[in-house]
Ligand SMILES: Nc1nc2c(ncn2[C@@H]2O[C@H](COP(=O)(O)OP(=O)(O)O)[C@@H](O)[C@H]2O)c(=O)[nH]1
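A single chain, nothing else alongside it, follows as structure tokens in the form predicted alone.
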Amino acid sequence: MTEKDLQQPGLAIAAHGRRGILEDSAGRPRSYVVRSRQLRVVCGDRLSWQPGQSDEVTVVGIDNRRNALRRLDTGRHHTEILAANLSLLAVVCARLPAPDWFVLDRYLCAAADMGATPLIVVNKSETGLPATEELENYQRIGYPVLQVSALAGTGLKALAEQFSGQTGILVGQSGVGKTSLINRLVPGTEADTASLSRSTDEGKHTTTASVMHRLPGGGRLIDAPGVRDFLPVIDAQDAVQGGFPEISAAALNCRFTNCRHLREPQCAVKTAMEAGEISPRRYESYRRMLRQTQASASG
């Protein structure tokens, strides 16, 4: 029997450094250690593992990722993968702290680039809604907008239903209540996270271990502390336009097929914006993101 014959499939449900927990094909959790330091496991990864000499199994490979949520590690000047194989990206905002709509657009752009379903979640709805004209515009474009309150408990059933059959993650600005929502969606989340962290012998790092939770009504929710306040990486100009469906639709009528919608003549996107069919703020968001992508590529 070869080494490959001993390998079995698994799903990473907790990850911290070289250790974590995977779920085997029977749904049982198993503590693992990564064989090679070159393997960087994150929650959501599909793994290949083989039995070890103790109860701890050894991860020997990571299957090709369908997608990956990445952030820029500014301290090391490279990108860091936070989670993999996501099908739902839920962007949380609230009236307070005041939304940075340009940041929200970047998250939505990341969802499109990953092929994940986007969802806008307005938390703290008991305190009022942020800039309803912006929310109405997102809905006109086609983005689903869900109003919830982690404090009052309203909208939580509808939010849980959005995760049914999905592997999702909550992202958004700091202070919008992502942790509170996770605690309401998954009872006992804090205890589960601490237990999973202890089982990886990384108990002192319970706040940095990424954990995938099963939702009571089905679906999975990844809690990765690194996504609590970050900007996702968008590194391709085509991905920027793909993250603005109203701009992509108008671009079909541009004179030039490679129009970037900046200074080109007979640009249907700029015409639509001037006619009020495209939000000037969203257009400016597109321009900012495109320039940032161009600057990163040239740098």
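What you see is a predicted model; the values in this text were computed from it and never measured. Sequential numbering from 1, following the sequence displayed.
Omitted from view is the form predicted together with the ligand, to which the following refers.
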query: Just one of 116-124, 83-91, 160-168, 100-108 has heavy atoms within 4.5 Å of the ligand in the model of the complex; which?
result: 116-124
message: Even though the partner isn't displayed, in the model of the complex is Ser149 close enough to the ligand, meaning a heavy atom within 4.5 Å?
response: yes
Close approach of Asn137 to the ligand in the model of the complex, 4.5 Å, heavy atom: no
query: So in the model of the complex, does any heavy atom of Gly219 sit within 4.5 Å of the ligand?
result: no
task: Evaluate Thr132 for contact with the ligand in the model of the complex, applying a 4.5 angstroms cut-off between non-hydrogen atoms, and reply yes or no.
output: no
Contact set, 143-176 vs the ligand in the model of the complex - heavy atom within 4.5 angstroms: Ser149, Ala150, Leu151, Gln173, Ser174, Gly175, Val176
